[in-house]
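One chain comes next, on its own, written as C-alpha cells: the form predicted on its own.
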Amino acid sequence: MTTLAHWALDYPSTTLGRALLVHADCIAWLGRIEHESIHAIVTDPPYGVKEYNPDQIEKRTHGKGGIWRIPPAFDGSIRAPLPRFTALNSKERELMRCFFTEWGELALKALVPGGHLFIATNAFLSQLVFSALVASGWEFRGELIRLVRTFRGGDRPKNAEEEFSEVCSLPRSAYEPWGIFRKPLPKGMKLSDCLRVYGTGGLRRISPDQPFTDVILSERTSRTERQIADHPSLKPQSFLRRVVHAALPLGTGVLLDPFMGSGSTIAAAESLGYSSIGVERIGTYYDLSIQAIPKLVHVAEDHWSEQLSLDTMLS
C-alpha cells in the first residue's frame, strides 16, 4: 500500500483506506507538492467561475436562483439545481480560460510523463476548457462520451416561457463529454518504455480481449447514491469506476481528484483498490466526503460487474 500522508503537507486531512482526503484549495496545493508524483487525474471541476461562490450558494440554498436554475423543473419533471453556464458573460468566460490554463500548467507538473487526465465538461463549455488545457501543454487524446439523458438544456427562454413556448435556448443534452488528455512522453520514449519506467502512457483495458472504449452508456445517478452524497454534480459509481479503472494502465500508482466534491471519484478508486488523493476547498463537501466515501464504495459493488457484462454482450 502506498503511504500518502506526506501529500497532506500542512493542510487538514483524513485517511480512509488507501485514500487521502485533503481540505485545501487545489491551486495552492498543486503548487506545493512534489513534481511528477501523481500518475493520473480524474475530475469534475466546478469550473471555478461563480456557481460555487458563497453568494451563489446562498441563492441556491434559499431558492433565489442566481446562476442556478431554480425551480428545478423540466416540463413537469423534478431535477436538481444546475448552473446555467449560458449565463456567463465574455469576461467570465475569459476568467474561465485563464483559470484552466493556470490549473492545467500546475496539474501537468504534478503528473509523471504519460499520465492521463480525464476531465468532465458539458457540450457548451468543452471547447473552451479543452483549448485552455492544450495551451497549457497537455496532449489532447480524444473525448469520452457518457451517454446519459440529463435535464441540462432544452429550456424555454427565461422569463418568456409562455411567449416562446415552442423555442429552446439549447438542445436538451443526451451526452456528457469528458476530455482525455495525456502529459507528453519524454522525447524519444516509446509507449512501452513509458509503461516500464512510469507505469503510465496508455489506458487500462476492460479485459484482455476488450479495450477501453470512448462511449459509455450510463444511467443518471441513483437516488440511493444521492441520499448518501448530496452534491449537485454527483456522478454514478457505475460510470466512475469505468473511468478510474482505465486511468491507471497497470493498476498501480496514485490517482488524484483535485475537485473532490463529495468524494465519488475517490470512492470509485477505493472500490478498485487504487491509491488516491482527493482535494476539496469547500468545508461542507470535505466533511461530507468523509462520511460518503465508505458508503458509496459499499452500494456500488454490484454495478461494476453488471457494466462489464453489458460491455461483453455489446462487443
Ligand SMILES: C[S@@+](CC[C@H](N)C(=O)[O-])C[C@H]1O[C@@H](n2cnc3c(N)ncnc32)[C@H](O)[C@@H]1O
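None of the values given here were measured: they were computed from a predicted structure. A residue's number is simply how far along the shown sequence it sits, counting from 1.
Just so it is clear, the following notes concern the form predicted together with the named molecule, a form of the same protein that is not shown.
- The three marked residues, 26, 235 and 279, each reach the named molecule in the predicted bound form, with a heavy atom inside 4.5 Å.
- Residue contact check for residue 116: none of its heavy atoms lie within 4.5 Å of the named molecule in the predicted bound form.
- In the predicted bound form, residue 45 approaches the named molecule with a heavy atom inside 4.5 Å.
- Of the heavy atoms in residue 182, none are within 4.5 Å of the named molecule in the predicted bound form.
- Shown alone here, residue 269 lies farther than 4.5 Å from the named molecule in the predicted bound form, counting heavy atoms only.
- Only one listed stretch (244 to 252, 32 to 40, 269 to 277, 282 to 290) carries heavy atoms within 4.5 Å of the named molecule in the predicted bound form, and that stretch is 282 to 290.
- For the partner-free chain shown, 258, 259, 260, 261, 262, 263, 264 of 244 to 272 come within 4.5 angstroms of the named molecule in the predicted bound form, judged by any non-hydrogen atom.
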